[in-house]
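Next up: just one chain, as structure tokens, the form predicted alone.
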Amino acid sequence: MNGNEVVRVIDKVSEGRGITTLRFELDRTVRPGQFFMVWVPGVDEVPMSASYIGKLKGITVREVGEATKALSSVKVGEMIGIRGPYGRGFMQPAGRYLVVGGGTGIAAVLPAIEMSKDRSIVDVALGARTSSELIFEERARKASDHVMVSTDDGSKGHHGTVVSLVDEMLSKRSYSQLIACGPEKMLFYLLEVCKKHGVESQMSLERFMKCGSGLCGSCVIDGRRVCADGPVFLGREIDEMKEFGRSKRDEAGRSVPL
């Protein structure tokens, strides 16, 4: 069952500048990479990746619009509506794999780091524009022996994009697969790096979603519904998408430059 359920927020944590995690009890099985449709009473319903998938579930919100600002303002003890989980999540690769998160996309890949029972076979690359926006580094280090970070402004770790960091990591070590979530432009160049090094990937795409269950078609990219057929796609599937990294649909369904 993944119908609507009203839950009480029992924990709230500020993760960084304008980034908040809300946690709640929800007796449903959630796989890494899946998402919820989250209803903010009186405001809107928005898709949010699951950042915690254990007994206590969680979402991590960056304030970018009215709905996300309202969601960030929810207090402990207040109620929100949850539908889901929805979508195709990440599958655990065989052998050593590399997990890459950019911006708040880090929240979506943390469960993929923690799904490995062997912390020595999962390496991590986390990227942000600046150190104050870098989230979940400590949590990643609890689940992996090898965590690297990058910031665009050089305020912490590798000075540059997480894509350039991953290019270096793939040059030094072999991986069976790469798992990633982040801005689509980041994923576009990350896919090129994966192709350069001959590494298969799983990437979670972010598109405008209305229903979250594959009915409205708002999130379609090259005929694939991101909410129902994704949000996680294999790199070879994404490589066939002509719209990937170039255009998206707006709220009216029009194709606009990314």
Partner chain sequence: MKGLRTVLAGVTLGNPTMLASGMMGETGASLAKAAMSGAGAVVTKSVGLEPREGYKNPTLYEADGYYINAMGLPNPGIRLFKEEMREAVSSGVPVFGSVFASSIKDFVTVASNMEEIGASAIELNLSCPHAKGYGMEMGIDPEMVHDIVREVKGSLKVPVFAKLTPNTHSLIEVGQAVERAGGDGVVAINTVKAIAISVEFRRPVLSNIYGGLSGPAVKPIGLRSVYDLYDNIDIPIIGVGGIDDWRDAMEYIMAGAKAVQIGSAIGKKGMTVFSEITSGMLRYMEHNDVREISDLVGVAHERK
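Just so we're clear, the structure is a prediction, and the values are computed from it rather than from any experiment. Numbering follows the first chain given and starts at 1.
Unshown form predicted in complex with its partner chain; subsequent notes refer to it.
*Asks:* Indicate whether residue 79 is a 4.5 Å heavy atom neighbour of its partner chain in the predicted bound form.
*Replies:* Yes, residue 79 sits close enough to its partner chain in the predicted bound form that at least one of its heavy atoms falls within 4.5 Å.
*Asks:* Against its partner chain in the predicted bound form, would residue 23 count as a contact residue? Criterion: heavy atoms within 4.5 Å.
*Replies:* Although its partner chain is absent here, residue 23 would stay clear of it in the predicted bound form, with no heavy atoms inside 4.5 Å.
*Asks:* Given that the partner is absent here, does residue 220 sit within 4.5 Å of its partner chain in the predicted bound form, heavy atoms only?
*Replies:* Contact check for residue 220: yes, within 4.5 Å of its partner chain in the predicted bound form.
*Asks:* Is there a heavy atom of residue 65 lying 4.5 Å or less from a heavy atom of its partner chain in the predicted bound form?
*Replies:* No, residue 65 sits far enough from its partner chain in the predicted bound form that none of its heavy atoms falls within 4.5 Å.
*Asks:* Given that the partner is absent here, state which listed stretch (198 to 206, 32 to 40, 50 to 58, 185 to 193) has heavy atoms within 4.5 Å of its partner chain in the predicted bound form.
*Replies:* Among the listed stretches, the partner-contacting one is 32 to 40.
*Asks:* Counting any non-hydrogen atom inside 4.5 Å, which residue from 139, 146, 96, 83 sits next to its partner chain in the predicted bound form?
*Replies:* Contact with its partner chain in the predicted bound form is made by 83 alone.
*Asks:* Heavy atom within 4.5 Å of its partner chain in the predicted bound form: which residues of 177 to 214 meet that condition, in order?
*Replies:* Stretch hits, in order: 209, 210, 211, 213, 214.
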